[in-house]
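One chain follows as structure tokens, the form predicted alone.
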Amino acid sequence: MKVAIIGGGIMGCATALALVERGCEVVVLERAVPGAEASSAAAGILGAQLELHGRGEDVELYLRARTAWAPWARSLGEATGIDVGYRACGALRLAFNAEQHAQLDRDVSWQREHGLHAESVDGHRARQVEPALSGDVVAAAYFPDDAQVDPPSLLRALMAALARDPRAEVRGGTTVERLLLDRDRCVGVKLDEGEVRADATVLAAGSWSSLVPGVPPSMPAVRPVRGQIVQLDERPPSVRAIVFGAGGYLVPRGDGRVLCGSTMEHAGFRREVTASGVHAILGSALACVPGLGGAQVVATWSNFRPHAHGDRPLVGASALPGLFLATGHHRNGILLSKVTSDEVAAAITGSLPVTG
């Protein structure tokens, strides 16, 4: 079975790897450099509990997604020698006033009722977990099982694993002009330099998914939501856990790098890093951890989260036979990448056994 995958980010490459493990031949088609879009720009938060927000329908999926990460990171490291930066570092969501404290208590109670490991702590206990937190923090929700990964390292590992498999081909600088249709079935893609015929085609083009000609009109639209990030460097590192609060987050890599984010902007495909965005991000970061005021600003960047209309990821078979979807994950693409790739690969191959 041959599969064409539109999009060479983490979602497309993870799906390609899941397919070759099931014996398929795959070709990954990327219009630019593989992983140059949202995949490399993401903070890599595996916030299964941070992102629940009282949505009971997501509990099983998010926990399954987080559970899949430790063995996946280990297997990628063993296969390629690349550490993808997986760390079960825990996460804190902060409260700075009584109203926020009450909301955190409700969220923690809801999660504990669903059997999740969560703790509501006062400001003193929060600072025992993270001593660098601001004295203005009055309480926190503590999720010790949430984790993180380094997306650029993850992408390098996926690319290395695909490069080692003769059944996989990755083409950069390749423009997909349209889907190929035959008797109302997708049979591959038309490229600027020819065609790729395939038994199945996977749309994993992130925020550009709705722009591929031939995509069925019934597919919910996928739109870009810009997010800006500021990277700081502090020596020695003062923060260990992921910290959410005051309108933003901190993701400490453990080696002195701290990713601070992020904006949520409907700005089309404008990739600018703006003064107001950086101001808001750093203001939030310093409200959480004032000591970061002495850290060095190392880099800033922005990219686009693919947000599907209806606020649900688009995963699995589409309305067009032969076309499968792996897009629209918005804030949770990294968290859901492994379970999405497995689900799409299973949908394509059916009961074919995994061959390794």
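So that there is no doubt, residue numbering starts at 1 and follows the sequence shown. Note that the coordinates shown come from a computational prediction; the quantities given were computed from them, not determined experimentally.
In what follows, reference is made to the form predicted together with a small molecule, a form of this protein that is not presented.
Student: With a cut-off of 4.5 Å between heavy atoms, is Ala141 one of the residues that contacts the small molecule in the predicted complex?
Tutor: No, no contact at 4.5 Å.
Student: Under a 4.5 Å heavy atom criterion, is Gly188 part of the interface with the small molecule in the predicted complex?
Tutor: Result no; Gly188 lies far from the small molecule in the predicted complex.
Student: With a 4.5 Å heavy atom cut-off, would you call Met11 a contact of the small molecule in the predicted complex?
Tutor: Close contact exists here: in the predicted complex, Met11 approaches the small molecule to within 4.5 Å, heavy atoms only.
Student: So in the predicted complex, does Cys24 come within 4.5 Å of the small molecule, heavy atom to heavy atom?
Tutor: Cys24: no, not in contact with the small molecule in the predicted complex.
Student: Since the partner isn't included here, can you check whether the small molecule sits close to all of Val170, Gly322 and Ser341 in the predicted complex (heavy atom within 4.5 Å for each)?
Tutor: Heavy-atom distance to the small molecule in the predicted complex: none of the three under 4.5 Å.
Student: If contact means any heavy atom within 4.5 Å, which of 327-335, 284-292, 309-317, 58-66 contacts the small molecule in the predicted complex?
Tutor: One stretch meets the cut-off, namely 327-335.
Student: Can you pick out, from Val176, Val137, Leu158, Val243, the residue that has a heavy atom within 4.5 Å of the small molecule in the predicted complex?
Tutor: That would be Val176.
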